[in-house]
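Shown next as structure tokens: one chain only, the form predicted alone.
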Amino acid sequence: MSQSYNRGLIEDFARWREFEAGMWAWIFHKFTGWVLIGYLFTHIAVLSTGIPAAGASEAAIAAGNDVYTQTIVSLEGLLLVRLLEVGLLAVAVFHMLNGTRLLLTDLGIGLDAQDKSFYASLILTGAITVASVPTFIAGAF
């Protein structure tokens, strides 16, 4: 029978310093997955405001005067939305790269270099995100 003891609140809180790359990869992958799920529901909620556009005339839709187009244009004009899009890109890219890393690991490829591949996915995520910032921010000003 296994025995356990109460390590105390301080020791449990400080254990994050002992985490290795694999644990951080797992934490970040779970976190980015939940962020993407939250974004999905938020995205559906915002786009559902354009449902009245289905009843709009073709002339209003062609002129861009329908509810859907006005909602998208007004949101894209906000700097906060542009910054959140950059964050969404970073989350999606990391989740994709780390998922690919996990798939390869499950297939037995790169088992001895898991830490290096995790750090590589972090660096590549940062590079892609930084390189795309001008594209996202360009239309906000």
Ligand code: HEM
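Nothing here was measured: the structure is a model prediction, and the numbers come from that model. Quick note: we count residues from 1 along the sequence shown, nothing fancier.
Note that the form predicted in complex with the named molecule isn't included here; everything after this is about it.
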Using 4.5 Å between non-hydrogen atoms, is K116 touching the named molecule in the predicted bound form? no
Indicate whether the named molecule has at least one heavy atom within 4.5 Å of a heavy atom of L103 in the predicted bound form. yes
Is the gap between H29 and the named molecule in the predicted bound form 4.5 Å or less for some heavy atom pair? yes
With a cut-off of 4.5 Å between heavy atoms, is I37 one of the residues that contacts the named molecule in the predicted bound form? yes
Is the named molecule close enough to G87, L89 and G126 in the predicted bound form that each of the three has a heavy atom within 4.5 Å of it? no
Please name which of the stretches 107 to 115, 29 to 37, 65 to 73, 79 to 87 has residues with heavy atoms lying within 4.5 Å of the named molecule in the predicted bound form. 29 to 37
Could you list which residues of 76 to 97 come within 4.5 Å of the named molecule in the predicted bound form, counting heavy atoms only? H95, M96
